[in-house]
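Shown below, as structure tokens, is a lone chain in the form predicted on its own; questions about how it binds or moves come after it.
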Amino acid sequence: MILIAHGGVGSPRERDEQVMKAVEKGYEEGMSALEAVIAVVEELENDPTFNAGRGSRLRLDGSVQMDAAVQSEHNIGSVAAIEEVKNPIRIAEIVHDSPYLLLVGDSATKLGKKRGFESKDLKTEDRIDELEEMREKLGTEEKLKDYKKFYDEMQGGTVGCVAYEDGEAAAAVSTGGTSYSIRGRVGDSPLIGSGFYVGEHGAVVATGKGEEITKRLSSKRCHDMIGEYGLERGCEIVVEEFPEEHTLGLIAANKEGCVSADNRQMARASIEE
């Protein structure tokens, strides 16, 4: 099993140990690559210091809306703007095993509740304080134009994991979105080719400025560059060509091993055995 996970581009390297704890959770004997990436991301969702699950950022209206996705070489499962569910990656797993590819909003939330996932208040004191600071900066107006005005100040953060074992690759990703977000905003994380991609050259997960990643299909781009230039150089090329003013982090795994590349600091950990 080859496993690598990250805690979001911009996350301090001091959190490497927390990411390693999650990776070890996914490295249990008998797990497939798909089962492993889901277990790792679930563990990171349970850690409130990361922007996923319990630690998700708040939208400008004070709500919590999350995105998550999982992909194997056989199928895809994504959820977007899901609420009240502690572990969105588990709902993405349900979608992965269904006839659908992507469920959003109330449909995703209701699916989670129907499958026995209890409603959770995901707001933490740190995120509430963060929201108050954002509102003070915005002043009295909280309109779409303000979202654009503060675009360069947006802070995101995504947790993700990729794995490779016995010829099978898998990817999983989860996020609480970005600061200064209005309800309904969806970034790159649940979109195939943008936040994640699994193909013949391995598995890739991205983290960073979601809109910019989506415009460039950064995960698919990285996958294709790996096929042409190899694992390490392929990831480096995509980071080098990404606008420096926007954040980007990548992790990737295939039969060669696993690597990460980023244009900021990024908590990460891996196991290759």
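What you see is a predicted model; the values in this text were computed from it and never measured. Quick note: we count residues from 1 along the sequence shown, nothing fancier.
This next part talks about the form predicted together with ligand ASP, which is not shown.
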In the predicted bound form, which of 112-120, 163-171, 99-107, 182-190 comes within 4.5 Å of ligand ASP (heavy atoms)?
-> 182-190
Can we say G53, S56 and T124 each have a non-hydrogen atom within 4.5 Å of ligand ASP in the predicted bound form?
-> no
Examine N87 and determine whether its closest non-hydrogen atom to ligand ASP in the predicted bound form is within 4.5 angstroms.
-> no
Answer for Q71 alone: is it within 4.5 Å of ligand ASP in the predicted bound form, judged on heavy atom distances?
-> no
Quick one: does T207 come within 4.5 Å of ligand ASP in the predicted bound form, counting heavy atoms only?
-> yes
Answer with yes or no whether S78 is in contact with ligand ASP in the predicted bound form, where contact means some heavy atom within 4.5 Å.
-> no
